[in-house]
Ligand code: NAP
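Just one chain follows, in the form predicted alone, and it is written as structure tokens.
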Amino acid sequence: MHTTFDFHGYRVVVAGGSRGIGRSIALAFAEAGAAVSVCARGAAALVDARDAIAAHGGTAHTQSCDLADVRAIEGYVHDAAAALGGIDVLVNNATGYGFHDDDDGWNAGFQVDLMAAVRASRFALPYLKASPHASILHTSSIAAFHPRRNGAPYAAVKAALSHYTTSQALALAESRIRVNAIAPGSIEFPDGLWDRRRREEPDVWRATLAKIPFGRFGRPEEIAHAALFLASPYAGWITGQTLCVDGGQGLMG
């Protein structure tokens, strides 16, 4: 992916970055010159991500991490900072896909979508405070902004993450740490949620596509473009915001 952004000298940590949106964000930063660390649970995907990041010539660090485990997050953040020489940008991208309205669904979303972001931010804070261009990015969702018949836990937790973004931005403003979120619409990539639904639930896939004014699903790299902007000096006066990247999908309610 060609980019006009310059992140040489930046150290970027992507929590949940071995596939889909997270992988695209990690690769976009690497292509722009950043040293990048990625964590996820799957070892094979991490190897592929590390090789892809390293192919851009920058420092690449990957580590297996269960983002529902506070001690695992603490160890990962400190290891990533040691490998990169610090942290300038923290991207909290993981999701537990808590769509079912039962305890497991709620717990998956709460622990991975929300608390992993809270915890990673907490452990990264000393490193971010030492950075001259620190920022935190959270991956929310357009599901946070509208009621829905299905997937209430996912929507509620993403809404909490968007609200946390505003409070965290206010709390960290005096430390000159910017905090923003991206709310993607429906993003399709190989073996991702919408790719599987296209094959397994074509009626749901078509109904969702019909609600996107641009007439197509989004691509992971389009979220990565927004992440580069929000972490860059071009967004130096932007904090506490959630940016929708959805091809107008949210306009349809």
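For every residue, the number given is its place in the sequence shown, counted from 1. Please read these numbers as outputs of a predicted model, since none were measured by experiment.
What comes next is about the form predicted together with the ligand, which is not displayed.
J.: Can you pick the one in A156, L125, A134, V112 that has a heavy atom within 4.5 Å of the ligand in the predicted complex?
T.: Answer to the contact question: V112.
J.: Going by heavy atom distances of 4.5 angstroms or less, which of I212, A68, A60, L27 would be at the interface with the ligand in the predicted complex?
T.: Here the answer is residue option A68.
J.: So which stretch, 126 to 134, 81 to 89, 166 to 174, 140 to 148, is the one near the ligand in the predicted complex (non-hydrogen atoms, 4.5 Å)?
T.: In the other structure, the partner sits against 140 to 148.
J.: Is it the case that I187, even though its partner is missing from this view, gets within 4.5 Å of the ligand in the predicted complex, heavy atoms only?
T.: Result yes; I187 sits at the interface with the ligand in the predicted complex.
J.: Answer yes if any heavy atom of N93 is within 4.5 Å of a heavy atom of the ligand in the predicted complex; otherwise answer no.
T.: Output for N93 is yes: heavy atoms within 4.5 Å of the ligand.
J.: Does any heavy atom of I21 come within 4.5 Å of a heavy atom of the ligand in the predicted complex?
T.: Taking the distances in the predicted complex, the answer for I21 is yes, it comes within 4.5 Å of the ligand.
J.: Look up in the predicted complex whether R41 has a non-hydrogen atom within 4.5 angstroms of the ligand, and give yes or no.
T.: It does: once the ligand is placed as it appears in the predicted complex, R41 has a heavy atom within 4.5 Å of it.
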